[in-house]
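Shown below, as structure tokens, is a lone chain in the form predicted alone; questions about how it binds or moves come after it.
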């Protein structure tokens, strides 16, 4: 998907100018000392983000009530590898027009697959498109409801009553993004995190249609080694009702003729016990605590194998809750087998989404986005 577009004449030129004005309204002028520009109402939020050594504290938010949580509504998230994207605000998006958007997107995909031939909107196509709102995937009542995009394949030989075969899934979400939403101009909808599962060709088509229709921009969201460390600390300390899988860290050794990865597995109870001794305030994580936690793991590994993992690059982490890779691919693990509290399960999943939303917010604050 394209990361940006040059100004052009006509309708496209007006779209570019509208985006330029919106970006100017969202961002402050850079101070003379060269500090990074931030959204005015996000100063407090940006100070709490765990994306650099200048941001040293993270308070895990209390999510909205989950008493009526239905795990079936969010079950599609599980057991799938999701690719992360940052998305700028959507211009002119209307929830009441989801069915119209589905028809238009379906016609666009069909036309692209037929190499640009015209396709009549509303006729039955090989690919069925469905757009729906997911109110369950949000951290507070002020958040925008998540938006689910589903592509299903229709077989011409099958009966009309047969079930369609899902071929691609994508969803937009905002978890505790109300402050960012309040900062964007009128007529813009802020859903800064997009996750896709399926063929990259469909991701490119869906992204292209959203960019042209709502004048937004997509960018692959990478996860830095520092953010992976924060995730290990956050998720290793979660208490589960069932037997948890091992905490695994994968490191890439630089400057070698042949690629070399080092896998480091820690028993989940040992990882949680270590984090419990490091963390000072429940519900709050500091940069110092994350550093101490990782340094203890490094020291233990060096004691046994005489290898300094701090000299390698952390590229993947895996815990009982989720796994994440530096290239922005994540997978959320199922928890329902041993957890009877659906609200607690959903809380854990929302906290995973929340952290990736925080990374996306930071990306959107980058003036070079």
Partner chain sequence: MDETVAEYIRRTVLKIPKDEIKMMLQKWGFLSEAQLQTLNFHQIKDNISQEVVQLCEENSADIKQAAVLDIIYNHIYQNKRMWSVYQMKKSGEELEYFDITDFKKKFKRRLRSALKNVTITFKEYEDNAIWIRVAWGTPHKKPNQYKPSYVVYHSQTPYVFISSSLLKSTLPLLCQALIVASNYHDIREMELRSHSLNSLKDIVFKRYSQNFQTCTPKPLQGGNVEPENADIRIVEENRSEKERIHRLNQEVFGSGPQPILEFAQYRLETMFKSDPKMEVLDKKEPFRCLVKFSSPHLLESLKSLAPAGMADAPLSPLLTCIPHKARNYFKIREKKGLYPESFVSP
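Numbering follows the first chain given and starts at 1. Given the structure is predicted, the values throughout are model-derived calculations rather than measurements.
The protein also exists as the form predicted in complex with the partner chain; that form is not presented, and the subsequent description refers to it.
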Quiz prompt | Residue (of 135, 75, 260, 96) lying close to the partner chain in the predicted complex, criterion heavy atoms within 4.5 Å | solution = 260
Practice problem: State the residue from 167, 253, 81, 204 whose non-hydrogen atoms include one within 4.5 Å of the partner chain in the predicted complex. | Solution: 253
Quiz item: So which stretch, 195-203, 82-90, 217-225, 261-269, is the one near the partner chain in the predicted complex (non-hydrogen atoms, 4.5 Å)?
Solution: 261-269
Practice problem: Examine residue 244 and determine whether its closest non-hydrogen atom to the partner chain in the predicted complex is within 4.5 angstroms. | Solution: no
Quiz prompt | Contact label in the predicted complex: residue 292 to the partner chain, heavy atom within 4.5 Å | solution = yes
Quiz item: At the 4.5 Å heavy atom threshold, is residue 277 in contact with the partner chain in the predicted complex?
Solution: yes
Quiz item: Might residue 331 be said to contact the partner chain in the predicted complex, defining contact as any heavy atom within 4.5 Å?
Solution: no
Quiz item: From first to last in sequence, which residues of 280-302 have any non-hydrogen atom within 4.5 angstroms of the partner chain in the predicted complex?
Solution: 292, 296, 297, 300, 301, 302
